[in-house]
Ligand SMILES: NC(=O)c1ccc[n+]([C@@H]2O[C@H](COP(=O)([O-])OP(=O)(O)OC[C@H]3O[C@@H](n4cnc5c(N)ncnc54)[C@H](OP(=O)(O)O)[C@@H]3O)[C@@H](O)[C@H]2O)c1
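We begin with a single chain expressed as structure tokens, specifically the form predicted on its own.
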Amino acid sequence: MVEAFAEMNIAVIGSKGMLGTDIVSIQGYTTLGLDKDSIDITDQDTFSVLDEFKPSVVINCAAYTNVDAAEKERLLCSSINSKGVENLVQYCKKKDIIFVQLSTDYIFDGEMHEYFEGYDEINPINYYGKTKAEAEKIIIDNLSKYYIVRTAWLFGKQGNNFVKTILKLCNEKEEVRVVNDQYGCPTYTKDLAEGILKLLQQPYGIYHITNEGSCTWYDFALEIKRVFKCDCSIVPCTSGDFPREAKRPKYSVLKNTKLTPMRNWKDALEAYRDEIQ
């Protein structure tokens, strides 16, 4: 747990991504945003920028996140999600820096049909999930000062996400078919960003941080339609109707048992609507 919380220097890697942007934008902290032009986590020779800033905390939001493409681009996915994390872990261990890693619900197989807690056995069923699981093991085996933050189904102002996809499809089509047999927890990146910074006052370890509540992608799409007042028809379908390169867990609901719960994802979606409109 961080003792001098207000005096920390926080380096945010992947600062132009959806989550990184929101972390850096929070006031009251000394943060340095680092994008891929500033640091390449697969190349330790670029870490001199960290030496200059002298961070007490490194938050890694950088990741290869194209789940389907990862099945073919395995070397690239692994170099970022596993090897890149290993490089950061080595650096943080040498410099005695607290490390925060963003992980995913896709490290679980989704076969339990009930929520997953931090101590549940992981069993990824796609390559992206395997690289994120490898990263977790590297951290646990090598560091004592770490926070692993598992989250899911992110939506935010920066970058692409499911909400923007549904809004785009509703503008283009009268009917949109959405999978109704995969369950998860939609999470607003502004809420997650605040949760991560508050997490630094907690004991080290593995945490699940999502907005409260769970749903299917179809349920999520219906709520998007309601909140944004879309005219299209949302029609449920099965995962089998849309074959993908990567297999998805059917039920990857993350249970937060350590922290004060965040607001419900439906309330967060309305806040997101107000932000982007």
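If you're wondering where the values come from, they're calculated on a predicted model, not measured in any experiment. The numbering used is simple: start at 1 and walk along the sequence shown.
The same protein also exists as the form predicted in complex with the ligand; that form is not shown, yet it is the one meant from here on.
Q: In the model of the complex, does residue 12 come within 4.5 Å of the ligand, counting heavy atoms only?
A: Residue-level check for residue 12: no, no contact with the ligand.
Q: Decide whether residue 40 counts as a contact residue for the ligand in the model of the complex under a heavy atom distance cut-off of 4.5 Å.
A: Contact with the ligand, yes.
Q: Should residue 56 be counted as a contact of the ligand in the model of the complex, where contact means heavy atoms within 4.5 Å?
A: No.
Q: Is there any non-hydrogen atom of residue 80 lying within 4.5 Å of the ligand in the model of the complex?
A: Residue 80: contacts the ligand in the model of the complex.
Q: Quick check on this chain: which one of 151, 87, 180, 126 has a heavy atom within 4.5 Å of the ligand in the model of the complex?
A: Looking at the other structure, the residue within range turns out to be 151.
Q: In the model of the complex, which of 25-33, 60-68, 230-238, 244-252 comes within 4.5 Å of the ligand (heavy atoms)?
A: Every other range fails; the passing one is 60-68.
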